[in-house]
Every structure is written in structure tokens, then in C-alpha cells.
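Read the single chain below, which is given as C-alpha cells and is the form predicted on its own.
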Amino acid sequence: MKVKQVSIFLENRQGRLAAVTKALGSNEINIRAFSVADTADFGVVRLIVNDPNRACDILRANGFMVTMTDVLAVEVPDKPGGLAYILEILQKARLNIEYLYAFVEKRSDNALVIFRLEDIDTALKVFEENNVSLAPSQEVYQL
């Protein structure tokens, strides 16, 4: 139930993010979720798209530095304390979160949150043991 995330390393210059989105959009790649982290000199754009392999090929062909990373799309109860419940499960399992960001769309009544964890395979097992739902990658790409 891992989801492929596309990460792009960008110089922090005017128009770079626009160039990424134009390259993807003109090739019918739909961005489903994204996060931007930046410093004074560079940024990392993280995307969930409808076709991650093709997106990487397109971006590389346009001169961007791109990697693909496994993440989890976790269904989080969309109510007060919902995220705290999921984070408590991870804390009890002593799993470190590298970063997370929310999804634009819902797959069900639950919110969908992208998690990047130090040990993704252990996290998969912990979520399963705690009956936490994960969205299948193909469904995530099509939201």
C-alpha cells in the first residue's frame, strides 16, 4: 500500500515552480497533493500525481532533478483528535515521522494524509495491527 511520491529539487528562483507545473500540465499529469519546503537557496517540491513514473520522465527531460520516494496515504479520522490518534500509534511504536502533508481530496469520510516515515515497512505493519486504513496507491493517483 505504498504510494510513489515525486520529489523535485529546485533553485529558489522566480518561475521555477511554474516551470514544473507547466511541464506536468502540458503532458496531462494531474497533481493530487503537494508540499513545498524551502530555504533561502533551494526548495523541495513533493507531489502525488496520477502517473508518477511518467511525471519523473517528463521532469527529467525538462532538466529537473527528480527522485521518487515511497510514502503512505493514511486515512485519518476527520474529527477533532483524529490526527492525534494516528500520531499516538506511531509514537507507541517508536516510529519517526520525517514529514507529512494533507491531501486535497477525501477518499471517504476520513481525511487523507501523506506520511513519510523512517521505517515505512514497520509502519505498514503497525498500521495494520491497529486497524488504520491506508488508501491503495492506484486509488490515490486517481483522486
Partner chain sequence: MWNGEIETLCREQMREIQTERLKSVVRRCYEKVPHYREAFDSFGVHPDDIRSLDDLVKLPFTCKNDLRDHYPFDLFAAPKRDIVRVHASSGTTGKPIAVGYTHADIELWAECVARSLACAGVTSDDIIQIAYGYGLFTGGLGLHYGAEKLGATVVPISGGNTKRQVMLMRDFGVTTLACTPSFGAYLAEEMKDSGIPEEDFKLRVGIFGAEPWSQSMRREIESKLNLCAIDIYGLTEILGPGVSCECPYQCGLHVFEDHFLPEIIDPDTEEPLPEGEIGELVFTTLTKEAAPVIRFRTRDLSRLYYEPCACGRTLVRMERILGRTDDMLIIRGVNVFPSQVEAVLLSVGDVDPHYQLIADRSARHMDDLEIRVEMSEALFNDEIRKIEDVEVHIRKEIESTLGISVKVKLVEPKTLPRSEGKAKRVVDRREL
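Residue numbers count along the first chain shown, from 1. Quantities reported herein were computed from a predicted structural model and do not represent experimental measurements.
Here the subject shifts to the form predicted together with its partner chain, a form of this protein not shown in this document.
At a distance threshold of 4.5 angstroms between non-hydrogen atoms, residue 32 is out of contact with its partner chain in the predicted bound form. When contacts are judged by a 4.5 Å heavy atom cut-off, residue 102 does not count as touching its partner chain in the predicted bound form. Taking the partner from the other structure, its partner chain in the predicted bound form has no heavy atom within 4.5 Å of any heavy atom of residue 125. In the predicted bound form, its partner chain lies farther than 4.5 Å from every heavy atom of residue 22.
Interface residue among 38, 109, 88, 28, judged by heavy atoms within 4.5 Å of its partner chain in the predicted bound form: 38.
Residues of 49-88 lying near its partner chain in the predicted bound form, listed in sequence order, are 60, 63, 64, 65, 66, 67, 69, the criterion being any heavy atom within 4.5 Å.
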